[in-house]
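Presented as structure tokens, the chain that follows is alone, the form predicted alone.
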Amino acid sequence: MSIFEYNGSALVAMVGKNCFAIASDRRLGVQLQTIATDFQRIYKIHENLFIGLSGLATDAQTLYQRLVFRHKLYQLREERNMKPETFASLVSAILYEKRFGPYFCQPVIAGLGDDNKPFICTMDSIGAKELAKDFVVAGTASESLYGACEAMFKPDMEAEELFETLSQALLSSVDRDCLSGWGGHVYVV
């Protein structure tokens, strides 16, 4: 079993018409044993920017604390919030500087940029970005999430339809993965 699969996770972000949604499961486990059923994997950076961290839970929490610190420094220096593209570059740089002893995390970043243009991306544990125009997935349930999202995604969905589509994709995917589950958290912006 890979260290990325130790705690289990399912993360997905999807783009709609001037909106985005990001969702995760709620299970925290140690291999096949469930420890908690209300674990938070999605974190709010500011009102238009969220990050989801799948992988090893302790590394995810440590990485989140470093990201909050760096975002606050940026806010003090620039007197504005980070754009999603800038934040993705920051996350990538932080992961890459630890490439020889990496954080065992796969981040999913979702945000609204200029003119309410949605931005989503994911990256591996050393910060190699993968940008997408429709959806991105991460975690142990990523294979089934890819299939469900490919089948259910339509371009330019409104917020309510996006919520329903993402919720159904997440729930049908975690049913096919024993390392994730127990419902989900969905954020629509």
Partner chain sequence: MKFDTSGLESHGQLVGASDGLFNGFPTAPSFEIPNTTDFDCFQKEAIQMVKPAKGTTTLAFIFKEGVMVAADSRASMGGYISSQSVKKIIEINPYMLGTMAGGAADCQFWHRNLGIKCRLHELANKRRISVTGASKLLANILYNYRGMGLSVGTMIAGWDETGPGLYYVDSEGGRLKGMRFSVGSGSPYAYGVLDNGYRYDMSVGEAAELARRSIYHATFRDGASGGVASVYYVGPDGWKKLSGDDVAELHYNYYPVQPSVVEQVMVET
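As the structure is a computational prediction, the values presented were derived from the model and not from experiment. Positions refer to the first chain, counted from 1.
Keep in mind that the form predicted together with the partner chain is missing from the display, and what follows is about it.
Visitor: Answer yes or no: in the predicted bound form, does the partner chain come within 4.5 Å of a heavy atom in every one of 58, 150 and 164?
Guide: Not one of the three qualifies.
Visitor: Would residue 189 count as a contact of the partner chain in the predicted bound form, using a 4.5 angstroms cut-off between non-hydrogen atoms?
Guide: Residue 189: yes, in contact with the partner chain in the predicted bound form.
Visitor: Taking the partner chain as it sits in the predicted bound form, is residue 112 in contact with it (heavy atom to heavy atom, 4.5 Å or less)?
Guide: Answer yes; at least one heavy atom of residue 112 falls within 4.5 Å of the partner chain in the predicted bound form.
Visitor: Using a 4.5 angstroms cut-off on non-hydrogen atoms, would residue 48 count as touching the partner chain in the predicted bound form?
Guide: Yes, residue 48 lies within 4.5 Å of the partner chain in the predicted bound form.
Visitor: Can you tell me if residue 116 lies within 4.5 angstroms of the partner chain in the predicted bound form, counting non-hydrogen atoms only?
Guide: Result yes; residue 116 sits at the interface with the partner chain in the predicted bound form.
Visitor: Out of 61-69, 117-125, 131-139, 25-33, where are the residues with a heavy atom within 4.5 Å of the partner chain in the predicted bound form?
Guide: Result of the contact check: 25-33.
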